[in-house]
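Just one chain follows, in the form predicted on its own, and it is written as structure tokens.
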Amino acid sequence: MKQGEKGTCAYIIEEGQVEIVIEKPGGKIQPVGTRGPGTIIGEMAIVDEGLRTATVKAIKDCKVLEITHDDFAQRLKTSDPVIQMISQIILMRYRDTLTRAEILGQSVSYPPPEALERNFAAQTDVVESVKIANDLKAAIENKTLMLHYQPIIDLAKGAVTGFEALMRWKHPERGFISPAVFIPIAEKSGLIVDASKWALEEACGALKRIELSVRSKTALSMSVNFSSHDFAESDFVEGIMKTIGKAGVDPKQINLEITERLLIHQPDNAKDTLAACRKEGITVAIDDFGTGYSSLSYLYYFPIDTMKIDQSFVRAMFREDRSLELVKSIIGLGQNMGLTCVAEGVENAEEARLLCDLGCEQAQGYHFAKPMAEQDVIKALQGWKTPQYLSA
């Protein structure tokens, strides 16, 4: 690597040793130091498109690993927005220090750090993310989040068998913030762990109150969503059982909803944790089934009780033969493996009737009921009528 050339990659030295030198104005050569195995050289080339600030010469035969600018940019792009901004600013300030310091000499053309930092913040929306994360933390601490409950229906009988607890947030200034916005931020910031603990506690209490209010003759269930961050907690199962016991709910009434992403990221830990939950009587559902890459292997490897058919397949059943066949296959697979199938996103009587005819046991969606606050759930159950698809 030569000073003044345009670089496109950095290198990790596996073997050998290099010397780093800088040519100053007037031709004077200034040694900077040496680097050996396990160190990185040429790192500024993957930070920006500036020219090489030094010359690197091998003083021993070297073996290196290449890191390209595009690879680094992609990894940075998929990281947490706060990590993106801080990483870029630290590296940018490093180049700025080198450029302006005596070692290189003042550069008139190099942009001021403040301008670059504002640009990084604008590109990553990091300021907005931090604001939302801070406000979400306060909402969790003050218990101003809400849960809405969407009924899950026994398709053969048209009766409510339970609910899925869905997190909602009404910001005091911004109004309702979509879960699609604040849930990813909660996961990246780690706030999802406290949010999930609160959600389970609130959902268990609501389940008990709903059963008492409607004088349910059969036990209702409650599905609560958990993330990989939750599963990483060493006392996850102990905490769940403590919360369930405090609410006076039978563990068999609680259903853990997880995604395929959780299983991908923590396969061994997830298997042990799920097995421990099932041992306590808790059931396990895999959400959005069919949208991942290894769904069949999950059913074999992990202790799963329920498959939730993704709403994208349900909504396309009447438009695409392939979607219909896929839904049929999932239901058939569930029946053969002794698993319960729940269809998500059912929006009309035709979809409900077809799913019932195909042997799907349960469903949820706007055709039956939208997610509702606890008091609205109680009113809906007290006046529950046979769904249209069964009376037609």
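Given the structure is predicted, the values throughout are model-derived calculations rather than measurements. Start at 1 with the first residue shown and count on from there.
FYI, the form predicted together with a small molecule isn't displayed, but the following is about it.
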{"item": "Residue 344 within 4.5 Å of the small molecule in the model of the complex, heavy atoms", "value": "yes"}
{"item": "4.5 Å heavy atom contact, residue 226 and the small molecule in the model of the complex", "value": "yes"}
{"item": "Any non-hydrogen atom of residue 240 within 4.5 angstroms of the small molecule in the model of the complex", "value": "no"}
{"item": "Residue 136: touches the small molecule in the model of the complex, heavy atom cutoff 4.5 angstroms", "value": "no"}
{"item": "The small molecule in the model of the complex: contacted by all of 167, 311 and 366, heavy atom 4.5 Å", "value": "yes"}
{"item": "Proximity to the small molecule in the model of the complex (heavy atom, within 4.5 Å), stretch among 379 to 387, 6 to 14, 366 to 374, 21 to 29", "value": "366 to 374"}
{"item": "Single option in 129, 283, 88, 150 placed near the small molecule in the model of the complex, where near means a heavy atom within 4.5 Å", "value": "150"}
{"item": "Position in contact with the small molecule when the complex is considered in the model of the complex, options 211, 201, 257, 260, heavy atoms within 4.5 Å", "value": "257"}
